[in-house]
Structure formats: C-alpha cells, structure tokens
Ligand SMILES: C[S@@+](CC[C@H](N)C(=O)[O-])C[C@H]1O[C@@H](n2cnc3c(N)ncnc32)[C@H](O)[C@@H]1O
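One chain follows as structure tokens, the form predicted alone.
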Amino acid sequence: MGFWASKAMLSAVELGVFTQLAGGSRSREQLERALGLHPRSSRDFLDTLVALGALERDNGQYRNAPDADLFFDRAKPSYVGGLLEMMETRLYADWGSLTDALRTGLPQNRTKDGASPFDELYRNEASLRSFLQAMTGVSLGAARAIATKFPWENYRSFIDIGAAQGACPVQIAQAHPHLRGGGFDLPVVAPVFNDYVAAHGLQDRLRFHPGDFFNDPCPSADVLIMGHILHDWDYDQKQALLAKCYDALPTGGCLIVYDAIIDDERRHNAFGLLMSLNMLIETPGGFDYTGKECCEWMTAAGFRDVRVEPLLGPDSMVIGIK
C-alpha cells in the first residue's frame, strides 16, 4: 500500500501545498480556498501530510515541515519537486503497467512503438522544461557531493555530457571558482541551460555545447561527467558512449559516471534496482548496473585506475582516468 502515501505526496506537490505554505501558516479553510480543495477531503488530506511528516499543525494552523519547506517550495533554488511533478504526470501511471513490462520486456509509456522516449519528452517547450527541471531534482544532491568529493583542484576544465538544465555544472562552478566548464546536450536544450546558468550568474564560466552524443563527437575538457545518462541505454550504446568520452579526453583526463549504482551483491540498493525497472518501463533498452559492471565497461574502453565512490543516498560515482 506504499503507493497510497506516494500519491498523496505527489498530489500535494502538484497542488502547490508547500509553495502556498512557504509564506506562513494557514488554516484548513484558507488552504481550501487557495488550493481549490473540496471540504469533504481537505481535512483528511492535510492531516495525512502531517502524519507523513511533510506538514506540521498547531492550533488548527498548518505549516511546512523544515525539509518540505526547503525542497518543495517552487520559489526556492533548492526545489526538487520538478522530479515529483514528472512522477505525477508521467511515471505514476506508467508504473501501473509494470506487470505487462515484465512479461513483454517492452516499455509501457507513450513510446511503446520503440521510439526514443526523449522524442516525446522534447516535443514542445513545456514538456522539455518540465523534464529538464525534473532532471535537476534527481541530480542536485549528487552534483553537490561531486563538487565536494572529487579533487577538482587538480583540473582546470569540465563538461557535463547530457547536462539538461545545468544543475551539475552550476554546483561545481559555484564551489570551485578556478574552473571553467559547460554542458553538452541537444541544441533544443540550449535556452533552458543558458537561462539556468544566467540565473546563477555563471554565464562567463559555463558554456553550452550543442550536439547529439550518438552522432557527434563529445567536446573535450580535463574532466567529463555523465550523470543519470548511461542507464538510459542498452549495453552496446553504453559502450559507445564510454568510448566517445575516452576519445574526447586528453591523456590524464578523467571521466565521472554517476547513477543510482546498484551494490555488487544486488541486495541493498533497492532504489537502484527499482530505477532499473523504471528504465524497463520508460526506455527500449535501458537498465541500471552495479559498480563492478561499470568498472569493467570503463576498463574495456581504455580507462585506468577505475574506482567507485559513494555520493549521496543511492547515488555513487565511477571514476576512470585516461
């Protein structure tokens, strides 16, 4: 019955409960009017959020719990609810067809005919911006950890391959003023990337590189990053992307791959395993992988001194040197 709580949280994000309460406490009646809630359900819904730890209530007044206020207020730069918005509008319904996916091995979203899911996601500006904001939500914690844990003092430049909105480049550039870098993604992503970078005042140090990483060479830098990208693709495509990164790096350059890396015994990282099932539902051939598997692939591509380092939550990074 875990999906009950999940749906309550997803609806709360969609309705803007946490954004509404970021301005201060509100009564149930005030929230009914502001959010368009029906009186029959509002008390149970809001108190469910209290019981789940997302809201607090005193003397009939509701307010955000501290973590919900930080992460689910759309007006804050720490907002990660874009990911939950995508879960609400896209993935929640798709996961209702998990059984069919397990029986057929086929995706269960709007691209059941085998087309790339990104063609559908990038079909218009609204869906594109929504998806890229979701990628910021799923990557922000790992990006901050990479900015802290990787020895950036040994390098001068970096490029994020499949950069989306630019969350990872922004976090790294903010933490290390000596670095210059950018993001590589499809040309249609450029305005979204540039807007996000400019909003953080980093347009002089971060540049967008347009291209298709299957059809164009990757741009060169001291460090290349590929985050939440490799799991989207089948084995041969994974190998091709790693080879392209190797070719683009200078000798001594470094590749960082990060995902919800599954533990080698495949017993503990439930999120990584569930993410791999999500790739079954959402992509024609994608799957998540263990640290050992990724090390083997990177070694086969030519990288040396390959190692796995934990980041935050279920995410880890695999690092290799050319």
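The first residue of the sequence shown is number 1, and the count goes up from there. These figures come from a predicted structure and were not determined experimentally.
The form predicted in complex with this ligand is left out here; the points below concern that form.
The closest non-hydrogen atom of L186 lies within 4.5 Å of this ligand in the model of the complex. In the model of the complex, this ligand sits within 4.5 Å of a heavy atom belonging to G162. In the model of the complex, this ligand lies farther than 4.5 Å from every heavy atom of D204. Residue contact check for E125: none of its heavy atoms lie within 4.5 Å of this ligand in the model of the complex. None of L179, M135, L84, L224 but one reaches within 4.5 angstroms of this ligand in the model of the complex through a heavy atom, and that residue is M135. When you look in the model of the complex, the only residue of I229, L242, A173, V197 with a non-hydrogen atom within 4.5 Å of this ligand is I229. From the list 69 to 77, 88 to 96, 247 to 255, 232 to 240, the contact stretch for this ligand in the model of the complex under a 4.5 Å heavy atom rule is 232 to 240. Contact here is defined as any heavy atom lying within 4.5 Å of this ligand in the model of the complex, and by that definition each of F131, S139 and D212 is a contact residue.
Of the residues in 277 to 308, none comes within 4.5 Å of this ligand in the model of the complex through any heavy atom.
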